[in-house]
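Quick setup: one chain, the form predicted on its own, written in structure tokens, and binding and motion questions come after.
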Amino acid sequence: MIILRIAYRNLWRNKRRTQLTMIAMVFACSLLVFSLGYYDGILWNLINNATEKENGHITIARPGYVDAPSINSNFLPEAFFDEIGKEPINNIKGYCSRVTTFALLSSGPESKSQTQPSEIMGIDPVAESKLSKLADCVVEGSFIKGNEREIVLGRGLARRLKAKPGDEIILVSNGADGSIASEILILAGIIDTGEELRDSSLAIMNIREVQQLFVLGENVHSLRIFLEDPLSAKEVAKRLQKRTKSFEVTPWHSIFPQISSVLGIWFGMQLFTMAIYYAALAMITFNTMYMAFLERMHEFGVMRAIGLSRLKLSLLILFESFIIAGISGLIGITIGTAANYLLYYHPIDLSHWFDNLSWGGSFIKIQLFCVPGWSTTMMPFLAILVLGILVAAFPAFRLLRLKPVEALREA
């Protein structure tokens, strides 16, 4: 198309002006792509820290258990799988069985012993190592390896018990049948989940040992489902709930409502961020385009006088702006996306200088971590194309009403 070719050639008649305009657009677009990726990184940090350690993305339990846990509200895992059938459900990475109960833990010699209430969580170490990130939270000693009488404590609980790896921990509680449950355990390691309140009561043991100690047989209190995409938890939970009537299927959104509420306004926050970035860019670009339009008024008058239609003249201006926006946008999203991928695979840890922030039952790890995605890439690109059209709209409108005599007189 000849108008498009002319538009491209016109851009380089004043290289400095075109280059300065493009630099501003490239900088704004790349910075916006990076910013949106960083904001998504904060959101993913919140979700992952809340779900991928101990909670999972979906919880399967008896009705009412999530709100009011009870040692007697247990079931055989096979009962759930038999009820939902063998039809596969996409996006599921796997299942982890959990047993949760409460006990008193003591440590130290009898005359100076420390006693604290704790939440005992029985886990399958093999399944957890494949799906959850509990083992990554160990700060002292080691995680459960499947040996007998092993226990892992949260950092706050270990501090209150004045216990260190290798110490004996005495457990006392009641079994599911009302009997006394007691055992002498060996502290294998200490974990730090990043949630101080949680770490002050959490104790982890092998699920088989907890089942035996609390007379649960092979029953569990919950199944935790881990997904490929945490944001699809609601949809997967609905599909599972339709297949079962005896169990309650709870997505993480219900367990962490504060984090879930952020998702509802996240898209609006992204649009607001784009508006801030591009509002300043629009003023700069419009000023540049309009000045170029006024400088070329004589040229436009001549082109109209030799027979070029008003519509084609307007299209010429629109194409020039569109080409600048398109090239700048492509360069900008390339730079921004490259930075996002770099910080996705190699995040920069800033926790040495800043403390982690707790919020909504999770915590935000202070790090430069970005999540690349189609939305964070394409929204800024499409927005800058629209911006390119809008800043040229007024000059293009004036050209539709341009009279050659007046244009030559103004020059």
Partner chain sequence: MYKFLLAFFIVVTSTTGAAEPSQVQAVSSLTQELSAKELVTKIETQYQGKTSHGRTKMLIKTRHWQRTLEMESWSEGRDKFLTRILAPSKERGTCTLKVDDNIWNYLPRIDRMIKIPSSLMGESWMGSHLTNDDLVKENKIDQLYKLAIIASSTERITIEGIPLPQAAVVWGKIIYVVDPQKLIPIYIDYFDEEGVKVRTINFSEPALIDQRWIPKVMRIIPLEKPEEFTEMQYIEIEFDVSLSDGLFSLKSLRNR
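Residue numbers count along the first chain shown, from 1. A quick note: this is a predicted structure, and the numbers were derived from the prediction, not measured.
Keep in mind the form predicted together with the partner chain is missing from the figure; the text below concerns it.
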Assess the spot marked by T115, G178 and L213: is the partner chain within 4.5 Å of a heavy atom from every one of these residues in the predicted bound form?
-> yes
Any chance N147 has a heavy atom within 4.5 Å of the partner chain in the predicted bound form?
-> no
Indicate whether I265 is a 4.5 Å heavy atom neighbour of the partner chain in the predicted bound form.
-> no
Are any of the heavy atoms in D192 no more than 4.5 Å from a heavy atom of the partner chain in the predicted bound form?
-> no
Consider N72 of the chain shown here, and say whether it contacts the partner chain in the predicted bound form, taking contact as heavy atoms within 4.5 Å.
-> yes
Consider the chain as shown here, without its partner, and state which of M289, A135, I170, L223 has a heavy atom within 4.5 Å of the partner chain in the predicted bound form.
-> I170
Quick one: from D199, E248, E183, D124, grab the residue that has a heavy atom within 4.5 Å of the partner chain in the predicted bound form.
-> E183
Select, from the options 266-274, 223-231, 135-143, 102-110, the stretch whose residues sit within 4.5 angstroms of the partner chain in the predicted bound form by heavy atom distance.
-> 102-110
